[in-house]
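Just one chain is shown here, as structure tokens, and it is the form predicted alone.
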Amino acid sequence: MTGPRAGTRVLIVEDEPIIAMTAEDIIEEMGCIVAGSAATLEQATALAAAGGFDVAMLDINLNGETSLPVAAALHAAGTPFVFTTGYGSAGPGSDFSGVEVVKKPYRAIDLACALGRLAR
């Protein structure tokens, strides 16, 4: 497994509390830092604008809203990110066709490898 380097700061955008807590545990077990966690588009937009993280993982569907505005902001800022989704491996569309999609439920190794490809 090639995970992200220790100390990598990760923004988690996930609307399901159990999945967010699991992601936090996985990230901390990798030696990384949870720089922030957002459950809504509004929270995610604010945290993305504030910065202070190296990579992000974005749940595509946030309780009926998409995280695509956050993805666009991160892309414009040059901040790498992955999408996570429980709706199969299809991504959010052609605007982000090059962004890796991690299918939920994901294993720690899947998330570590995906984040590792972003932050080495």
Partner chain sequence: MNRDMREPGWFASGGGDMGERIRGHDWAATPLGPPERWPHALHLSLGICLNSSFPIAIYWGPGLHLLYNDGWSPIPGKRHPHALGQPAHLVWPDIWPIVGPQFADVIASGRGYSTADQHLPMTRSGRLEESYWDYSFTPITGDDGRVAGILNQGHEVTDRVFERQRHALLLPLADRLRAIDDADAIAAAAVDALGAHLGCARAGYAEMDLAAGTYTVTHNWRRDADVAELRGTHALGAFGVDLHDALSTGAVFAVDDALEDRRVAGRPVAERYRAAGIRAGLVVPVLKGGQYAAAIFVHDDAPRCWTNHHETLLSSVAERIWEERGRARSARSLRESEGRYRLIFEQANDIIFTADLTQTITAANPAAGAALGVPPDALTGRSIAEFVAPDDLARTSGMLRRKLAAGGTTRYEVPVIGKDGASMRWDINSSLAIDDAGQPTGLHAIARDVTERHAHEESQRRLINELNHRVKNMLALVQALAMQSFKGDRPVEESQAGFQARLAALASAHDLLTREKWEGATLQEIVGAAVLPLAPERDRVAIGGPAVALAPKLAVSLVMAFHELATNAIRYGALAGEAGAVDVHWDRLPGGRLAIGWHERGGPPVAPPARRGFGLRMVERVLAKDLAAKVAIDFPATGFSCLIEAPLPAPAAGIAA
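Numbering follows the first chain given and starts at 1. Note that this is a predicted model, so its numbers are computed, not measured.
Just so you know, the form predicted in complex with its partner chain exists too; it's not on screen, but the next bit is about it.
Contact between D95 and its partner chain in the predicted bound form is not found at the 4.5 Å heavy atom cutoff. Remark: V99 does not count among the residues lining its partner chain in the predicted bound form, judged by a heavy atom distance of 4.5 Å or less. G86 belongs to the set of residues with a heavy atom inside 4.5 Å of its partner chain in the predicted bound form. In the predicted bound form, its partner chain lies farther than 4.5 Å from every heavy atom of A112.
Contact here is defined as any heavy atom lying within 4.5 Å of its partner chain in the predicted bound form, and by that definition each of A20, S37 and N63 is a contact residue. Just one of V55, L47, A71, I26 comes within 4.5 Å of its partner chain in the predicted bound form, counting any heavy atom, and that one is I26.
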